[in-house]
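To begin, one chain is listed below as C-alpha cells, in the form predicted on its own.
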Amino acid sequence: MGKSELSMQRDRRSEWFRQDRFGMFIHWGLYAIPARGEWVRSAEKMPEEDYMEYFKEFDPVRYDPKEWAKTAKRAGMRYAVLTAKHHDGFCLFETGTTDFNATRTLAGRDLVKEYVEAFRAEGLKVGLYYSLPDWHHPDYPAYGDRQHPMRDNPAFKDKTHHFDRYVSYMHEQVRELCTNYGKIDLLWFDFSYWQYKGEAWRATDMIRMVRELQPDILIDNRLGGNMFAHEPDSYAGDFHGPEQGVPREGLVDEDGCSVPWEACITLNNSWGYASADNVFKDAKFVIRTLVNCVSKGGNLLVNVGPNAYGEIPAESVERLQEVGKWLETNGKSIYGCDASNFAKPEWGRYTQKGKILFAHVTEQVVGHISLQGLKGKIRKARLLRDGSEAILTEFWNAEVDTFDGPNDIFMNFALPVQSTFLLPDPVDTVVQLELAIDETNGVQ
C-alpha cells in the first residue's frame, strides 16, 4: 500500500525540516520574573491578581532578538520556535483579542514581530509556539481541571465557562499569528488532554484556516489525531514531538513509512527561566543527543529560557557555542542526513546521506574498530574534521584468533592497526565512509 495523499503532502512540507535537523526552542514570558519556570502559576496555585503584578512589572530592557538569532546561528541551529503564548495566556504579540499582551506592558511593543524579523535576517526559519490551554481567559474551565491554577479553589466550583467562546478567541489569535508576520515556517501547538483534543478545539476548521493563510507551514501533532494512520486526520500534524526523551528507534506509520519527528529538550531542567536551576547539560551531551536523533531520522529542538531582562543565560550561550564549533567541522554528518540502513554499531552511531555513511565513534574500543557487514562496500574512509585517511584493514590476527565476522571490515586511525589509539575527537569522532554502492537505491 502506497502513501496517502495527506502523508505525501506532509513529506513535501517537511523537506526543509528533515534537512535542517537542529533548532532552538525559546520559552519566555511573564514567568521569567518569578524565575521558577513557566508552570509557576499552576504549580503554586497562584491567584490571577498575584500573577498580574508580573504583568505590571514586565519590562525586558535587554531584549535583543538579533543577538538571540546570532546565538542560534553560531550554535549551528537552522530554525527557532518562540512561545508566542504559553499556558498563562500572556501574549508576546500585539492582538486585538485581549489586553493581556506585550504592547500593554512597560515593553510597549510587539515582541514577536521583532523576533520574526531578527531570525529571518540571519537566514533562520521561524516558528511560533501557541498554547491551546489558557489560564487567563475567563471561559477556559478552571475548577476540576488537570492543571489550571484555580483547579481546587471552591470559589470557582460553580463558575460558568463558555468553552466555545474561548475556542473562537483561540482561533482568532491563531489567525493573527498566521496573518501579521509574513511567512511562518512552523506552528507548534501545545497541548491536548482529557476531553480537550481534536474537534474540541474545532481542529479541522483551524487547520483549514492555517493552511489557507500559510500553505507551506509545518504543524506539530499536539492538536490530537492519529498521524501514524494510513489516512491521518487532517489535524494530526506534520511531525511528532517527543518531549524530554528520544525514541528507541525511528518512527514509522502503519504502512512502514517514516514519520518526521523532533525531540524537544531543555538545557537545564526547566523550560522557562528558573534562577535556581543550575543543572545544565554540557555540549557533549547535546551533540550526542543530536546525533542520536538524526541517526533515527529525527530532529532536535534545544530550549533556552531568557531571563526577565530578555537575556539568554550565559550558561546556555556557552554550551551552544561549543555545539556550534563541533558542527562547523562535522555538520555535514547532520544536515540533510537521515537514518542509515546499517544497524547501530557497538561503538557509536551511523547517519547517512545517499552513498555517504558517517560513522560517529563515541566509544573507545580495544584495537581497531569493527565495521560490521561493510566488507567490500567502502571505497574510502576519511576523518570529516580534516580529511585525513582512516585506515581500513582486515582483522589483524585471523589466523590465530577465532573470528566469526567474515563480512566485516575494520578501521583505525594509525598503525599498527591492532593498537588502541585515543579517539581524535573524544566527543564524537566522525568518519566519512564513501560506499561503493548507494545503499538507498543500489546504484553503483
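For every residue, the number given is its place in the sequence shown, counted from 1. Since the model is a prediction, treat every value here as computed from it, not as a measurement.
Note that the form predicted in complex with a small molecule isn't included here; everything after this is about it.
Proximity of residue 396 to the small molecule in the predicted complex, heavy atoms at 4.5 Å:
Close contact is absent here: in the predicted complex, residue 396 is far from the small molecule, nothing within 4.5 Å, heavy atoms only.
Check residue 156 for me: does it contact the small molecule in the predicted complex (non-hydrogen atoms, 4.5 angstroms)?
Heavy-atom contact with the small molecule at 4.5 Å: absent for residue 156.
Just to confirm, residue 25 within 4.5 Å of the small molecule in the predicted complex by heavy atoms?
Flag for residue 25 set to yes.
Determine whether any heavy atom of residue 231 comes within 4.5 Å of a heavy atom of the small molecule in the predicted complex, and answer yes or no.
No, no contact at 4.5 Å.
For the three residues 129, 222 and 271, verify that every one has a non-hydrogen atom within 4.5 Å of the small molecule in the predicted complex; reply yes or no.
Contact check passed for all of 129, 222 and 271.
Could you tell me which stretch in 246 to 254, 292 to 300, 81 to 89, 279 to 287 has residues with non-hydrogen atoms within 4.5 Å of the small molecule in the predicted complex?
Stretch with heavy atoms near the partner: 81 to 89.
Candidate from 264, 308, 317, 259 lying within 4.5 Å of the small molecule in the predicted complex - any heavy atom
Spelling it out, the residue with a heavy atom inside the cut-off is 264.
Which listed residue (191, 342, 201, 169) meets the criterion of a heavy atom within 4.5 Å of the small molecule in the predicted complex?
Comparing distances to the small molecule in the predicted complex, the residue within 4.5 Å is 191.
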